[in-house]
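Here you get one chain, nothing else, as structure tokens; it is the form predicted on its own.
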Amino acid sequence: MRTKKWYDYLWIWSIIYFAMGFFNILFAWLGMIDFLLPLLIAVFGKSKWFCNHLCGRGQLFALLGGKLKLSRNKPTPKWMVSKWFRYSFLLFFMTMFGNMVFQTWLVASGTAGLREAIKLLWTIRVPWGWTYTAGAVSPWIAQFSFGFYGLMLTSLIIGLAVMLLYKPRSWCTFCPMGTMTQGICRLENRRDNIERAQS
């Protein structure tokens, strides 16, 4: 039996992150660690080590769906693991991220006011006013927090839904970060192969 490593308990970090954001929306910025670290590891490490070892969300799904048996454990549908779906979902996800950044820029430039609300599934507005004290930070910092927390919470809900319906880590088959890191790794490995062939 494999000895437990410190990173085997990062599912706790996922719970703490969403709990902290619930009480203070500014903690949403900590989610940028999960956004940037996989990309950095893929670029410099040329691997999906983050997805395989450091992803607390994937561990949480494995725990809930596997050990706690909350998953139906049915095979993940073929369309869900297909290339067209994975890249379409990545495009959609990045469009939503881009819109969030644009809204943050509008607030930063003074063109728009701060919207103290979180949107689930990009459409359902959830008033969350108690999580932020006006004037605590610049409005654009708070705006990014509301948008990013909504994005993270939405992906969690989608992940939980497919965990319940299919295998515990079905979300991992089309996770935008996984798709991006996989693409980066392929490009890096292809470049290494070309350089070796030319040397």
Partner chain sequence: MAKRNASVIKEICVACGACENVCPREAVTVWKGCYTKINLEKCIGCGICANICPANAVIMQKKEAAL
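Positions refer to the first chain, counted from 1. Owing to the predicted nature of the structure, the values given are computational and were not obtained by experimental measurement.
Another form exists, predicted in complex with its partner chain; not displayed. Remarks below refer to it.
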Legend entry - Residue (of 81, 91, 121, 126) lying close to its partner chain in the model of the complex, criterion heavy atoms within 4.5 Å: 81
Inset, instruction - May I ask you to state whether residue 51 is within 4.5 Å of its partner chain in the model of the complex, using heavy atom distances? - result: yes
Legend entry - Contact label in the model of the complex: residue 115 to its partner chain, heavy atom within 4.5 Å: no
Legend entry - Contact flag, residue 73 vs its partner chain in the model of the complex, heavy atom cut 4.5 Å: yes
Legend entry - Partner proximity in the model of the complex: residue 24 to its partner chain, non-hydrogen atom cutoff 4.5 Å: no
Inset, instruction - Just one of 31 to 39, 52 to 60, 131 to 139, 152 to 160 has residues with a heavy atom within 4.5 Å of its partner chain in the model of the complex, so point it out. - result: 52 to 60
